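For this one, two forms of the same chain are given in structure tokens, first as structure 1 and then as structure 2.
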Structure 1
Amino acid sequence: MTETATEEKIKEAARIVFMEKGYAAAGMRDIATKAGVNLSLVNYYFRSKKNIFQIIMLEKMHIIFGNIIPYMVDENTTLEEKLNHIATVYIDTISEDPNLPMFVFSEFQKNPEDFSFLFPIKKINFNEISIIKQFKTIRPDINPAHFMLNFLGLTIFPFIAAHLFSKMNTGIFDNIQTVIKERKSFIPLWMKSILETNLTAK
């Protein structure tokens, strides 16, 4: 096995261990066992648990934000095109690792300072990006924070809900993954209805 293949094997094992046990309970020995390699090899490649965790999570965030942020700031695409693209990219990406949102928020809540590196969007001035400017043009009467919170809720929360409902016998959510995939088409339509509503906060 090449060095690259070994490194990727360890990273995948670490991802599984972190998801199963949480960051605090996971250990380098657990990762080594899961990967089927000795502990010294894990230490050789990654040096520490925190280091391997940051590498894995940054790669995940790069996959998501690397495909979303360029569209958010693109001046040449319409707001509708942005909503379609972002909803599709986010749902497709997270569907490959549906426990990721629950895990990230759980870990961030426990150790916000240690894991603030996970959120590169904190460096963005949202008032200056294209998606917000376009929203303000269409609906200057509504705080764009409502727009962003609604959009995030429609895309992120279903994965958290799916994690919770998978532990219950709920009936209506038995095919939750199919429902989530259908939302790629529904979310832009729902967001469009928000843009067209005549209701404003009192």
Structure 2
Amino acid sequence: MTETATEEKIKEAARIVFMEKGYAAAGMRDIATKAGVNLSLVNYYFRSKKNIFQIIMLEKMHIIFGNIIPYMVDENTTLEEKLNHIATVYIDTISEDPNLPMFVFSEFQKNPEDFSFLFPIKKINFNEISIIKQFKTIRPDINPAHFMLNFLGLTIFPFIAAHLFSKMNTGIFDNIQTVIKERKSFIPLWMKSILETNLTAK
């Protein structure tokens, strides 16, 4: 491997510390301690806090978007297959790192300038990717943004709300991680119903 053991230990510690505390509250000392190395080694390998953070952020962006875009652009699957596949894969992926969505959305919001250059996704015109084209043939009357917000909201929001909801003793969010996994098979069916909903009613 090209990375030394020390470098990888520091990177792994940085992943944990940044994900737990966010950029601002994370300290270089936290990272060094968690990695079991001397403070100055963190700077030796990564030069600055901002630099190591951007490396971690780029990794996380790839996980959160890189695992979803390829299925969205695939011209050889139906819309139903896409929804099935993405819901399943995505919930499994994020379940291994459940704070990922909050981390990415929240850190991006705080310093958009620092990350706008990180977009490999930046160039993608959603109007021309398969999943949106398929949606448009079924529902030309609805802005595809609604479709994406619905799908991602049903899939991702539970991870974002999990901490707060499970701590507020409501009696219904006690095994929220189990509930989230049930959603793998439910979300595609709910999305189908949403797709068929007549919005001019009432």
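Quick note, the numbers are simply positions in structure 1, starting from 1. Source: prediction; values computed, not measured. The term rigid core refers to the maximal set of C-alpha atoms that superpose within 1.5 Å between the two forms.
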> Between structure 1 and structure 2, which should be identified as the form predicted alone?
Replying inline: 1
> Core-aligned, is the CA shift for residue 187 between structure 1 and structure 2 2 angstroms or more?
Replying inline: no
> Does residue 53 move its CA by 2 angstroms or more between structure 1 and structure 2 when the core is aligned?
Replying inline: yes
> Can a Cα shift of no less than 2 Å be assigned to residue 44 between structure 1 and structure 2, given superposition on the rigid core?
Replying inline: yes
> By how many angstrom is the CA atom of residue 27 displaced between structure 1 and structure 2 after fitting on the core?
Replying inline: 2.8
> Rigid-core fit: what Cα movement does residue 64 have between structure 1 and structure 2, in Å to one decimal?
Replying inline: 4.0
